[in-house]
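A single chain comes next, written as C-alpha cells; it is the form predicted alone.
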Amino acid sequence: MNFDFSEDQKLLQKTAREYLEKHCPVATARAVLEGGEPFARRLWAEIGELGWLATAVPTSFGGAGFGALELCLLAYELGRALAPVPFSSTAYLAIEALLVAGSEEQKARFLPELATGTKIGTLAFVETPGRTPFRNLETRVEHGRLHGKKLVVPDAVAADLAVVVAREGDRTVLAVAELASDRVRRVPLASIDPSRPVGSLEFRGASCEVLAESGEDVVAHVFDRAAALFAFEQLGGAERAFASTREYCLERYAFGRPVASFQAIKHRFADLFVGLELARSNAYYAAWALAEAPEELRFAAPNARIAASEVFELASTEMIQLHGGVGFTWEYDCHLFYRRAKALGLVLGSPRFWKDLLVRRLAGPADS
C-alpha cells in the first residue's frame, strides 16, 4: 500500500511552489488587503492560464483530467502562499458542486469557463449566524426563480455565478444562478481578512436552474469534499507560519543566545509540530477518501477540517507571540496569517460545528 504522493504529483507541487514563490510573495496578500481590489487579478489570470482550476475537471468538460489528489496539493501551495485569489470559491465550492450534482448538460455548460478562470464561481449557503438547518432555509426556488438572501458568501462581489443552497417545495436543492442580473443585489461585508472578501447576495426573483442531483445528502457530500480541500489550504498556511516563526527565533538573540534555544520556546514549537503532523495525517486521510473511498469521506472530512482549523489558528497565534513586541504590528506579516487562519476556520462552519457533526455521524446513520 502506498501512502505517499506519486513522483508526478510531487513534480506538480514543486512547480506550483516555485511559481508562487516567484509571483505570489506574502506582499501580494498585503497589497489586496490594503488596496481596493477584491483579489489579485494578474495572479488569477495566470493561474487560469496554468490550468490549475481545471485540475480536477474531466477533459470532456474542458479540464485537465487529473484528480482530487492533485487539487489537494495545489490547495496546499496556495494556502502556503496566502494567495489572495478566488480559487477556493471557484475550485473547491462551485466546480465541486457542479461535478457532484450537475447533469452532463449542466457540467458542459458551466464547467469550461470556470475551469479556465474566465468566470468566477462560489457557493452560497449561510443565512443566519451559525449553521442554518436545511428545513429552516428561507431562500426558495419558485418556478425557476430564486428568492432570498445569503450572507457571508465567499467572493460574492467578484463571482459571476453562484451555486445556492435553497428549498424547492419540501426538498433541499442546489440551484445555479448567474449573478450579472438586476435581480441580484450584492453587498460587500466587513471581514477579518479583506484579502479573501465576503459579501451578501440578495435574490429578488433571479433566474436559476436546479442541479440534477439535489437533496440534503448531496449538499452534505459537497460540503465534505470542500472541507477536505480547505484542510489542505489551511495546512499549507500553518506550515508556512511555523517555518517563518522558527527562522525568526533562530536569528533573534536575547541574553547572548538565540531565542529558539530557550526551553520554553522549544516546548511551544514541539507542541505546534505535533499539531501539524496530526493535521497532515488527517488531511492525507481525507485526500485518500476523496480520490478512492467516498464512503469514508463523511468521517475523514470532519477530522481533516477540525485538525487543520485548530493548527492554523495555533500556528498564527504563536507566530504573533513568538515574534515578541513586533508580532502584532502592521508592518510584520504575522497578522496576515492570523487573519487567513480565522477566515478559513469559519468559511464552512466552525471547528465546533464539525466536531458536533462528526459525533453525530459516529453515533448513528442520521446526518444533517
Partner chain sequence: MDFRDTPEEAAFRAEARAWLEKNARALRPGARRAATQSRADADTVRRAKEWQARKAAAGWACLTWPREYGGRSLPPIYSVIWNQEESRFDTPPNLFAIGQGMLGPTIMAHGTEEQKKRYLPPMLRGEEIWCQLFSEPGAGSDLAALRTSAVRDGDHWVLNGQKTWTSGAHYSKWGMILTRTDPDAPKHEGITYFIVDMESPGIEIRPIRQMNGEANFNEVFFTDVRVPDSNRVGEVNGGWKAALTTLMNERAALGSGFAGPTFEDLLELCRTTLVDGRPAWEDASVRVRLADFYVRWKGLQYTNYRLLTALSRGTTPGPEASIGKLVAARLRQEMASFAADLQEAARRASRGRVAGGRNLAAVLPRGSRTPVGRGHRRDSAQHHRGAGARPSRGNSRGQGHPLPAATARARLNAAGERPRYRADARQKLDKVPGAR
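Numbering follows the first chain given and starts at 1. Note that the coordinates shown come from a computational prediction; the quantities given were computed from them, not determined experimentally.
Although it is not shown, the form predicted in complex with the partner chain is what the next lines describe.
Full three-residue contact with the partner chain in the predicted bound form, heavy atom 4.5 Å, for Leu99, Lys119 and Ala212: No: none of Leu99, Lys119 and Ala212 comes within 4.5 Å of the partner chain in the predicted bound form.
So if I measure heavy atom distances to the partner chain in the predicted bound form, which of the stretches 146-154, 241-249, 270-278, 188-196 falls within 4.5 Å? Answer to the contact question: 270-278.
Tell me, yes or no, whether Lys355 is in contact with the partner chain in the predicted bound form, where a contact means a heavy atom of each within 4.5 Å. Yes.
Indicate whether Glu310 is a 4.5 Å heavy atom neighbour of the partner chain in the predicted bound form. Yes, contact at 4.5 Å.
Is Tyr285 close enough to the partner chain in the predicted bound form to count, meaning some heavy atom within 4.5 Å? So Tyr285 counts as contacting the partner chain.
Though only this chain appears here, would Glu318 touch the partner chain in the predicted bound form if you measure heavy atom gaps against 4.5 Å? Flag for Glu318 set to yes.
Within 4.5 Å, heavy atoms only, which of Leu314, Leu43, Leu33, Ala64 is in contact with the partner chain in the predicted bound form? That would be Leu314.
Partner-contacting position among Ala254, Ala108, Ala293, Ala180 - heavy atom within 4.5 Å of the partner chain in the predicted bound form: Only one option qualifies, and that one is Ala293.
If you apply a 4.5 angstroms heavy atom cut-off, which residues in 49-73 are near the partner chain in the predicted bound form? Just Leu69.
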